[in-house]
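Following this are structure 1 and structure 2, which are two forms of one protein chain, each written alone as structure tokens.
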Structure 1
């Protein structure tokens, strides 16, 4: 926990002395964590449009959940930083600002009419200490239910009739009896962490969620009946997934649903991109719902950041990139490939589908939205939650008391 903070301090001190002497090539390094077919298809939309402005994209990708923050800082330290990077951690932007390396976007987005058309949840996510510092790329709900319609029909269940998680679990016996996996779940930390945060939001509501995941968490919320109830749900899902779950990536997990081996997956709505890439049709082959009985949804805003290089050509490339990223037409095309929803309320809706419309309808109610911890929480805190959620999920003998004690100890060390 303290290692990350120490690294941040060290690298940023070094950054201030290395950037000034760094030479910049004509190619602009674009650093991100997207590598799945749907993600690559979305990036291609932006890359090709940007190329028409005369800019050359040098791709630099690392796997999701493999230490993107640390890698970004290491590149800065090494004197070869990316001019454009994908990152939503507000702490990164605060640290860059302190070193004069941040690129504010408020004036740019005001001038092109973007700011006034960002939904409140998007504007909140991209604003750091009163200034827009991120260019929003996508809007995601972290815990939607995507299901295979053919499996549902074969098992005799109707997910759209479910009013609560109890209804969902009650239907799983029929699904098992019909020979299908009730719920597909992936095995790495981020997938389990996203499931837990989606369950806390949907079952326990915004107050409990924000007290646990907020910028300044409330220690007293850790040991409450509500948090223990969410852990119970988390364990129930672990008990209903298949033995192949450990170490399985999210898209391979989605493929179990796509290919009719599993009924459903509760994960980010980027799942849809995989269904689309597999030529499956929404409404015929698959469909989507919010978690039944949901009180709140967790909103993720994937965003781009820019590094101040003191180079006019790079600054122009960054500005063109930011404009394209939030263009109402291009962004709609981008999110369609990605499996996400647009970042602007005035986006081109021509090609939006029923799942997009469900997301946008849900986001009309600001009282039912909470932010992904990536966008607001201390990195040490949410990464500790990831670790403890992983331990709890992976060891059926691990008790609620052990989870609570571990989080209380972590709180005392971090805050």
Structure 2
């Protein structure tokens, strides 16, 4: 009798272990670089929806801005790669394609009607060598104006009435007179470079922008009146910021606007997360506009990529993941939590806030959008732009001639 009992127990135990092993096998490793509460909330939306399709999310996060690519490649080399990863660098996808590890998504997105609803800048961003290789997760605008409404009232200015940058600078004198910093600007290289590219796009338009930041830039664009005009605007903003700007992080810079020390900041729309974290209300305490008189906005897209594992279950999981990610309803929920804008123009707008709607409205015009250089330009080229923008900003004596000369020299070396 006892013998039978123990045998039964053993069988149960065996069954339990096999079941457990199966459960492990179904887990799919999802690799990303996010850890902040807003980001976790967004990922949770996706994970829960995906779980309903019967897939288990095994989380792997490494927050390392530049190292994320390296880590991914290390994991592939070590034979322990994630099936799903977050990455926007087209170089990574070219590498994967070369090794036969890429998973193209064109057919899938065509069949579910997503492709035709992506704004052109998004479509351009996720397409690598003619094939859609990335599933877009969020849309960010790199240069939006977020301002403190109380400061605007106190200084007697109304940002929504500005039609051009000249209006903005005219209002700045009033703001200064009222004792506020007109524009808060952070100190590290990327913030200045983002500001410059936002200015080139908004003031000089997509043509000049694409000739300067494109995959193969146009040498003649460097020395044009348009580029010099954009540089002049850049310098004008530098003259209006506060002495605390050098080395200041963007978060701390946003804080100046949140706490009412400065009127506005021109930076990526992820600023909204800081306002939300400080319990400020959109429309009451703060508000957002595009750069006045904007001709084009710079778009950054966070994307997911997939790694071919030659496993049917994993492939199914990846397909379900991609479908959910670009679902008009689910994507709207996702970006709302993250503090970004949806990747489709037909996204469900019921829960979106005024800033999201402004972005979607702007993105409906295909002529009004360009891509972040990160997602298309040569790395050496945009790094040089970053450095030169930084030098130009930090040294008031540096002339636009010197900027033009330096960029031309760099062009000759790189291309």
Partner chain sequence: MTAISAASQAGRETKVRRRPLIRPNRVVIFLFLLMAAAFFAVPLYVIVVTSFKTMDQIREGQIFSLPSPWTTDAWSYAWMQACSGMNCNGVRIGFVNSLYILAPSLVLTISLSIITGYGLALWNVKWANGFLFVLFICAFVPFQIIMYPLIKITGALHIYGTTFGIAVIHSVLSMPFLTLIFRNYFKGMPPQIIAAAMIDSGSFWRIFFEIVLPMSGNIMIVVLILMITGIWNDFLVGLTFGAQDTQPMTVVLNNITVTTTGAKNYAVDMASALLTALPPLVIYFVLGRFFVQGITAGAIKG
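Residue numbers count along the first chain shown, from 1. Superpose the two forms; the largest set of C-alphas matching within 1.5 Å is the rigid core. Keep in mind the model is a prediction, meaning the values are calculated, not measured.
A.B. asks: Would you check which of the pair is the form predicted on its own?
C.D. replies: Answer to the question: structure 1 is the form predicted on its own, whereas structure 2 comes from elsewhere.
A.B. asks: Angle of the smaller rigid part's turn relative to the larger between structure 1 and structure 2, in °?
C.D. replies: About the hinge, the smaller body moves through 20 degrees.
A.B. asks: Just grab the Cα shift of residue 43 between structure 1 and structure 2 for me, core aligned, in angstrom.
C.D. replies: Here residue 43 registers a C-alpha shift of 5.7 Å.
A.B. asks: With the two forms matched on the core, what distance in Å separates the two CA positions of residue 98 between structure 1 and structure 2?
C.D. replies: C-alpha displacement of residue 98 between structure 1 and structure 2: 2.9 Å.
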